[in-house]
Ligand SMILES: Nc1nc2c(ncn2[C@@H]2O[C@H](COP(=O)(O)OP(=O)(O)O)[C@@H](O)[C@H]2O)c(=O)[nH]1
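Below you will find one chain, with nothing else, as structure tokens; this is the form predicted alone, and questions on how it binds or moves follow later.
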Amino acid sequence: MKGYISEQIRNVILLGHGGSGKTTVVESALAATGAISRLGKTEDGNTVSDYEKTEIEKGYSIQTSIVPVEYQKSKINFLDTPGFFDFAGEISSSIRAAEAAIIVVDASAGVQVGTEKAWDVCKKASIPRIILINKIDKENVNIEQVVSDLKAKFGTSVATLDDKDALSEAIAETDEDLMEKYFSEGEFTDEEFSKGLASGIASGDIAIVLTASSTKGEGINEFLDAILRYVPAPTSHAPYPALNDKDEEIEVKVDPAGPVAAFVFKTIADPVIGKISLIKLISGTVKHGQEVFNPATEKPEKLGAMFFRRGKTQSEAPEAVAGDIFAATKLQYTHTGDTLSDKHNIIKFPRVEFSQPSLFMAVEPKSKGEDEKVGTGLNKLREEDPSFIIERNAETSQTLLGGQGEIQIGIIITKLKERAGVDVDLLDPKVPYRETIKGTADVQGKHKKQSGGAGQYGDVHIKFSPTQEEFEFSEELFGGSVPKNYVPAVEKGLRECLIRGPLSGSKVTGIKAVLYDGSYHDVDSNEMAFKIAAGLAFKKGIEEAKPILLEPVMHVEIFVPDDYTGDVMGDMNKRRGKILGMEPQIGGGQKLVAEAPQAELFKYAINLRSMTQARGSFTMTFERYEELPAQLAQKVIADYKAKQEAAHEGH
């Protein structure tokens, strides 16, 4: 692939509902420009864009791929993204490399949830958008109806190129002088019209609608022409906000002669080549073998091998200019979201912001002793997809995998088996209950062991009562009943018991313990004996002092369109939740503020998606611990006891 100057490059991200035909649009553009001789099909697993084993098996995109199309002495870098909402992280990172978005709409399905989400993503990123109605060759397609629905949904900024009146009105609204001219003269000159349309699209005030049949190649050349005409070249992009080495705010212009500043927007773990970093060069020109600096890791990196990728194939890139996208292999210290710059002119672009994971599942290896393999494998996969998280919950001893939904988590598990050779089970996370007491107890703990050789003797009397603190310990001993040098052993014995309570094996909190009496033996008493005696007292004391279980309660903020508010509120009540308030949102919909027990929310991401046809979203943070209702507590305690007995019998 030959080199291009910045003005000849266009970077566009393809967005849209799953199945709208984004991958086939790219395939059709490659066929129209002679880059491939026949059209691949997603269902046949032979497209340029979907090349990964899992994508071929599943029949849909699961990661962004870059496909450059050379047309009319220009290069259009298509960033083909997945349509499933579980892979929204791919869009969050890839949109940083584009100057405009193409929202692909299935002509027979019209405006779908994915269309709405794509529009919202573009709005949030302030990126120009063009709408491509695809699959116009399908039966019973009514393009006028689809355009009318698009206008109803997204407003008058949506217009087809042949709708001169609607476009003139939209152009007039982009500029006061043009508005005045339109009202006084009723029309624009051809030059004013073209210029106004281009600037209206670039500012995001106008979204033109094009039509195509990607399988038949109809409308594809017109589509490519429109990209060259209306998508801004990288050099027309507003300066990018960044920080310098003093963390002062600066702006970086797209300039091939400027200092090197590049953004790593994606990492691929290739089974043959190894780690591949996909890079958008924002400023400067870089050559094969050049040294750059990574301010995040404070390490220099050498651009040893540079390529232009097209799907899984790559051609060498001796150099890349500002505005272009290239791939570099074997960057040792560089990850997704890092900036690469000149070490004498340090620049840091903002990192990629990923949505908080909404679904957590516990991961357990099927074979014993493979925990480390699972951890290493997942960390490697995170290099490629930083939108999921791995957490170790010390209280429940589980490894939790957090993602956007079942599909994403399922793909991660599939890749884990493929790449790390480890099979895992997905389980519901355990609730990190806590144990505490509501009453008081006065108990004795006595440990006496005398069978040949040195014996063991420890005897303590302890009062237990509730406290606001996690744990309080004091002693009120008199007359040497327990020598002072054994008191720390008693405290240690009690503290060790806090890790796993007698009711459910959960952490114990809110306990005050006062050691006030006991006895000892001159020969047989030692620290270990008093530690064991304290443990016996603890178990007895907790069980006598009206023990209860506490459960974590979460603060939940749910964003839903108005039509679904009633259903979502009703469902929250069924989850033992409370709606605390409602706030109308700018642009429509409601924010519901609620509290609900964590135990009721593990699968909430899946339920909310089906309740709202994937239009709802939520965020969740820990609020506090509250008493678990008695009937539920009894079940948790019974389950724990049964597991303990089963484990005991198994020994």
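All figures in this text were calculated on a predicted structure; none of them were measured in a lab. Don't overthink the numbering: it's just position in the shown sequence, from 1.
The same protein also has a form predicted in complex with this ligand, omitted here; what follows describes it.
When this ligand is considered in the model of the complex, only one residue from 75, 447, 461, 135 comes within 4.5 Å through any heavy atom, namely 135. Proximity to this ligand in the model of the complex, defined as a heavy atom within 4.5 Å, singles out one entry of 112, 236, 215, 509, which is 215. In the model of the complex, at least one heavy atom of residue 22 sits within 4.5 Å of this ligand. Among heavy atoms of residue 43, some come within 4.5 Å of this ligand in the model of the complex. Taking the partner from the other structure, this ligand in the model of the complex has no heavy atom within 4.5 Å of any heavy atom of residue 617. This ligand in the model of the complex comes within 4.5 Å of no heavy atom belonging to residue 63.
Stretch 135-143 is the contacting one of 263-271, 277-285, 135-143, 390-398, since its residues have non-hydrogen atoms within 4.5 Å of this ligand in the model of the complex.
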